[in-house]
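We begin with a single chain expressed as structure tokens, specifically the form predicted on its own.
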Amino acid sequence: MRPIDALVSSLPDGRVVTDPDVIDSYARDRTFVAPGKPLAAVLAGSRDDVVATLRWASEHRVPVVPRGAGTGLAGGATAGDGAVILSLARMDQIRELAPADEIAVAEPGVITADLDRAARQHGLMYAPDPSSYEISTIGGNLATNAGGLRCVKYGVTRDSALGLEVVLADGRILNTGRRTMKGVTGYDLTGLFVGSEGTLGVITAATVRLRPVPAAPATFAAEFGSLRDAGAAVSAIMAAGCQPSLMELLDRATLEAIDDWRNIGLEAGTMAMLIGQSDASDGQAAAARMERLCLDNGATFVAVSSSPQETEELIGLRRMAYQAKERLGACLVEDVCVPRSVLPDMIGAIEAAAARHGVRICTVAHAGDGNLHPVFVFEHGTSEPPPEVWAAADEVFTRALELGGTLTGEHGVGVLKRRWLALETGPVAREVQHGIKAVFDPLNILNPGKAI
């Protein structure tokens, strides 16, 4: 019997896909990274399917690439030659929603926005909201420790993850964490798995924290004649203690891409737009304070929304940014993060890199926490970014580290950032991380070649 036949026989009918054309649709994420030739795809419907797959993979020394919806932007779900893809998209049940305890238990294939909508039926919300929240999954968010628009106030995915059900490489089931808001028993294994990009185990359920739905937010949009002025306004707002629940920055190139697509009436002198929000009980007063700080720092125009519809239109403008840039060409999407105080310096470095190397870079940012997304645009159909794009990216990453920042705030390392990883982690950290990997995955079958 071939090894793959043993896998097929260990799972319910229809779980294992071996048709090359179908496999290819599961073999890549949202990046340009080309996959290899995987052996098969497993469409898991339950934890038992995951257990059986990993036991088989350990026995036959076959690499396994876990995936959710394939919305990742770092190549983390790209499958290599001879791998088995483990799709968790069909594990899409909210196992429990407990309003009294403000928690939910969700399987990895649950769409992020669906969990939030379910919570809102009970006056609660799931706070993490990556821009892809309508299509990305809870499992993928956990794998990359995804952030989002609201993380400036509510934190990233790790801040909402209380406990996990994880299937280890050999098929054993590990339960981490707790259902309580506090707990320090043992090492923080939950925090270790969140952001591990499928290299330590496969998450099959998560206990997550829910929060009361806040007051209807007050939202403002400010236009600036320079990106640096917009960055200075962000620093001023945060320094003043305004505590926004959202603070998003869009540069001229991004606004032009959106305008070309949706005709938003972009003014010739607008070089940047800042969209901010407060969901505090005094949200309108907080928005007014942020409006004044924008004007004090060079804003040419500021408008505060007067209705929920206007608010949705402004937030929708930010959420369509990536799709608008995809229309321009292939995209190398990055997400450096720097201390907020040096945000204007990082913005200046991105602009300088674009000019020096003749590269089109469109930048958006979760500006309230210093997380910038410079998107390097190059020609459609190109299998690899041209040298000038890599040179500009190298300059941007190097400068972010010099400013005390990090290579990735929320997208993960995947394969795209591994070439720069040593610049940030150093030899001791690398040794420790490889040691941790060896404890959980001694055969190196879980998403090999990714993240570390």
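Here the structure is a predicted model, which is why all the values come from computation and not from measurement. Each residue number is its position in the shown sequence, starting from 1.
One more form of this protein should be noted, the form predicted in complex with another copy of the chain, which is absent from this view; the next part is about it.
- Here the chain stands alone, but in the predicted complex its contact with another copy of the chain, taken as any heavy atom within 4.5 Å, falls in 99-107 among 314-322, 99-107, 254-262, 293-301.
- At the 4.5 Å threshold, heavy atoms of L407 reach another copy of the chain in the predicted complex.
- Using a 4.5 angstroms threshold between heavy atoms, T185 counts as touching another copy of the chain in the predicted complex.
- At least one heavy atom of I436 is located within 4.5 Å of another copy of the chain in the predicted complex.
- Put simply, A353 is far from another copy of the chain in the predicted complex: not one heavy atom of it is within 4.5 Å.
- No member of the trio T71, S131 and A330 reaches another copy of the chain in the predicted complex with any non-hydrogen atom inside 4.5 Å.
- Distance criterion of 4.5 Å from any heavy atom to another copy of the chain in the predicted complex singles out N175 from the list T270, N175, Q284, Q93.
- Note on the partner interface in the predicted complex: the residue among A221, V364, V156, A79 having a heavy atom within 4.5 angstroms of another copy of the chain is V156.
- Looking at 219-253, the residues that come within 4.5 Å of another copy of the chain in the predicted complex, counting any heavy atom, are M238, A239, G241.
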